[in-house]
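As structure tokens, one chain now follows by itself in the form predicted alone.
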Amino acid sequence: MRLVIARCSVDYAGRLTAHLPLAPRLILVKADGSVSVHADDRAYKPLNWMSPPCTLKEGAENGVAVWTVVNKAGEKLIITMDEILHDSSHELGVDPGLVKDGVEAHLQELLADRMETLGEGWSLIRREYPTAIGPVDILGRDADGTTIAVEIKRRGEIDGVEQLTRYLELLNRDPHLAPVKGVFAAQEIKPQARVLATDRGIHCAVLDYNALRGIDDDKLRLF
């Protein structure tokens, strides 16, 4: 990971345009290729970001450092550095991943044993399928033989969709698995997360914990 603190302005050019005026900000460049710009508030959420795969080119204009980040869609994030206050790199190694609480772990176990609740003819390849950026909750196949990656949460929010997106981008580079489709499964899915998932071609599955345990017949709703 590369960590930069700088007085900078940021311009985004894509489906929309956005501008962040000059101010001190934190810039993170992660090993997965993502670039995010943060203020000293708003908890974890960045002011602007570019998800991988993307390329970062460092240049200069009139003696001022300029970073240009371009994703596969041609969208650009242009960071103009007025003053770099700190610049360091750190090797974090492979993260062991989030340890799920009891409900999420049990949901994963139940769904892996009952893949047909996602669709007739669906089957399990493996739980906790390992990747370079962490394990995919469930890897399976649908009735047509297409590989499916399933990310399971108790509450489905934007972060979970972003996580599944990173898994899909990585898995689709493997010719033995591609094409890989995604299913975002949770007991509750926030409207913003559903919109983002739909925009990225990811299906949303609302899970009923009691139903998966056989308490109710209304097992799951897939959108």
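Start at 1 and count along the sequence shown; that's the residue number. None of the values given here were measured: they were computed from a predicted structure. Rigid core here is just the name for the largest C-alpha set that superposes within 1.5 Å across the two forms.
Keep in mind that the form predicted together with the DNA is missing from the display, and what follows is about it.
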Notebook entry, point to check: With the partner absent here, would R25, I84 and E169 each sit within 4.5 Å of the DNA in the predicted bound form, counting heavy atoms only?
Noted result: no
Next item on the list: Please pick, from V70, V66, L177, L47, the one residue with any non-hydrogen atom lying within 4.5 angstroms of the DNA in the predicted bound form.
Entry: L47
Check: Closest heavy atom of R154 to the DNA in the predicted bound form, within 4.5 Å or not?
Finding: yes
Check: Might R42 be said to contact the DNA in the predicted bound form, defining contact as any heavy atom within 4.5 Å?
Finding: yes
Next item on the list: Please check if L124 has a heavy atom lying within 4.5 Å of any heavy atom of the DNA in the predicted bound form.
Entry: no
Check: Would A112 count as touching the DNA in the predicted bound form under a 4.5 Å heavy atom rule?
Finding: no
Item checked: Sequence-ordered list of residues in 53 to 85 near the DNA in the predicted bound form, where near means a heavy atom within 4.5 Å -> E75
Note to self: If the two forms are fitted on the core, does V10 show a Cα displacement reaching 2 angstroms between this form and the one not shown?
What the structure shows: yes
Next item on the list: Return yes or no for A132: a CA shift of at least 2 Å between this form and the one not shown, with the rigid core superposed?
Entry: no
Next item on the list: Align both forms on the core first, then report whether R114 has a C-alpha shift of 2 Å or more between this form and the one not shown.
Entry: no
